[in-house]
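Quick heads-up: it's one chain on its own, the form predicted on its own, in structure tokens.
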């Protein structure tokens, strides 16, 4: 049985997170996705965290972020700053269905590749432009990265501890949120095209996608004139509600109690301690008013127990609770493995790429009873130039060789020094000293069941 998007071809011009993640879902659903990079400006997600914490050999093929985001895709190179590169891209547009990019709004227009031009080349083309603040308005041309999006969307104002400064998430949260909107918008546009035969331009504002995540706080002001502040791990009405220390170094569990029934279940699981019957904890409002004392008493119980043990004990008692898992614990989690969420993909053993080999990858968070999905490894830099230019466009080997001599296409970055791309690895002792890592397993291949 064919996958839902079989026969759809997508040109992925995205960089970093937002567009590449949006198109990742389409690729897993069967679309033929062709990543387009430039030898002069490779995707920045190729640089950062590298296999074995080293930048030896073809280090640009071992970037953790790139390899996670770009499964099931092909990869070609075109320098769009060159007239021949623009012409080559336009030829690919003729045989494609969707174009996706997350440059600032001026870039595609300056290249002469904005929607009006591409629509003239292929009238039913669908184009997704994902930018920080959208293609209109006074902030349209402002630069934007994930760290800057959370504050301007109001998220950082609500994230942090009471009386503390605003805080950002540990990941580019707004990129991931906007990517889901991008996927959905493309699917809607494809359905619209199926019904009408007409393509369209999608102007996606990552800022607006992020603002939707705090709709409750905005409505609170609309309805009550109240500006919510930071609450740390607490909740506006639920108590106890927080993160509690468990046995071991940096081990924690989350506990959330929303009703009297759950409160009684929690007290039973804790052994019905005498303090649970005190007046200060007699009802939800009283517990909310005395959260500091309540948290301290609960932590006296959790701190002597394993975080998984606490989670399972409370869940069996009917209390919502979850262990705070590290990336290592996620990969080894028996629940995720039984559901088939963790996939093992193997990269080719090319010269200078012995470091990558077989690695675990995260799959899709949903299953379809009639549409089994699978993952294929991410592409190498410029790996599919021959397919795109020779098979799709009918170019000869001589024509492709000429483009490579001119620097329009290629199969390696022009600058292959790690420091040029900010990819130089930080020595392990420095990482430990600065507190960026808690542990480092030298035998992690064996732990994860991988080849060396």
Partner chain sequence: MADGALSHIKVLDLTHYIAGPYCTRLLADYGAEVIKVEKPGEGDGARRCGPFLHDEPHPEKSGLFLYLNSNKRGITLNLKTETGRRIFKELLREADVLVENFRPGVMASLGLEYEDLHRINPKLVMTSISNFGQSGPYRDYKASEIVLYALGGMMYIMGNYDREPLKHGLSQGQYLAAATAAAATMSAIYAQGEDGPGQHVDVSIMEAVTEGIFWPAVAYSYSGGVPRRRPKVGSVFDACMPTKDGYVAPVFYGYVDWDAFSRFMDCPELADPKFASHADRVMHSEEFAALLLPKIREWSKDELFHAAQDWRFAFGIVNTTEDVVHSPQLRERGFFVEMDHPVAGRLTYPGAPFKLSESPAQARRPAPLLGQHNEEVYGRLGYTGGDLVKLREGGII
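All values reported here derive from a predicted model rather than from experimental measurement. Numbering follows the first chain given and starts at 1.
Just so you know, the form predicted together with its partner chain exists too; it's not on screen, but the next bit is about it.
Colleague: Going by heavy atom distances of 4.5 angstroms or less, which of 288, 103, 89, 133 would be at the interface with its partner chain in the predicted bound form?
Modeller: Flagged contact: 133.
Colleague: If the cut-off is 4.5 angstroms on heavy atoms, which of these, 303, 169, 121, 95, is the one near its partner chain in the predicted bound form?
Modeller: Of the candidates 303, 169, 121, 95, 169 is the one lying within 4.5 Å of its partner chain in the predicted bound form.
Colleague: Although its partner chain is absent from this view, report whether residue 62 comes within 4.5 Å of it in the predicted bound form, heavy atoms only.
Modeller: Yes, residue 62 is a contact residue.
Colleague: Is residue 281 part of the interface with its partner chain in the predicted bound form - any heavy atom within 4.5 Å?
Modeller: Answer no; every heavy atom of residue 281 is more than 4.5 Å from its partner chain in the predicted bound form.
Colleague: Would residue 429 sit within 4.5 Å of its partner chain in the predicted bound form, counting heavy atoms only?
Modeller: No.
Colleague: With a 4.5 Å heavy atom cut-off, would you call residue 67 a contact of its partner chain in the predicted bound form?
Modeller: Judged by the heavy-atom cut-off of 4.5 Å, residue 67 is in contact with its partner chain in the predicted bound form.
Colleague: Only one of 268-276, 309-317, 81-89, 288-296 has heavy atoms within 4.5 Å of its partner chain in the predicted bound form; I'd like to know which.
Modeller: Every other range fails; the passing one is 309-317.
Colleague: Pick out the residues of 251-289 whose heavy atoms come within 4.5 Å of its partner chain in the predicted bound form.
Modeller: In sequence order, 252, 254, 256, 262 come within 4.5 Å of the partner.
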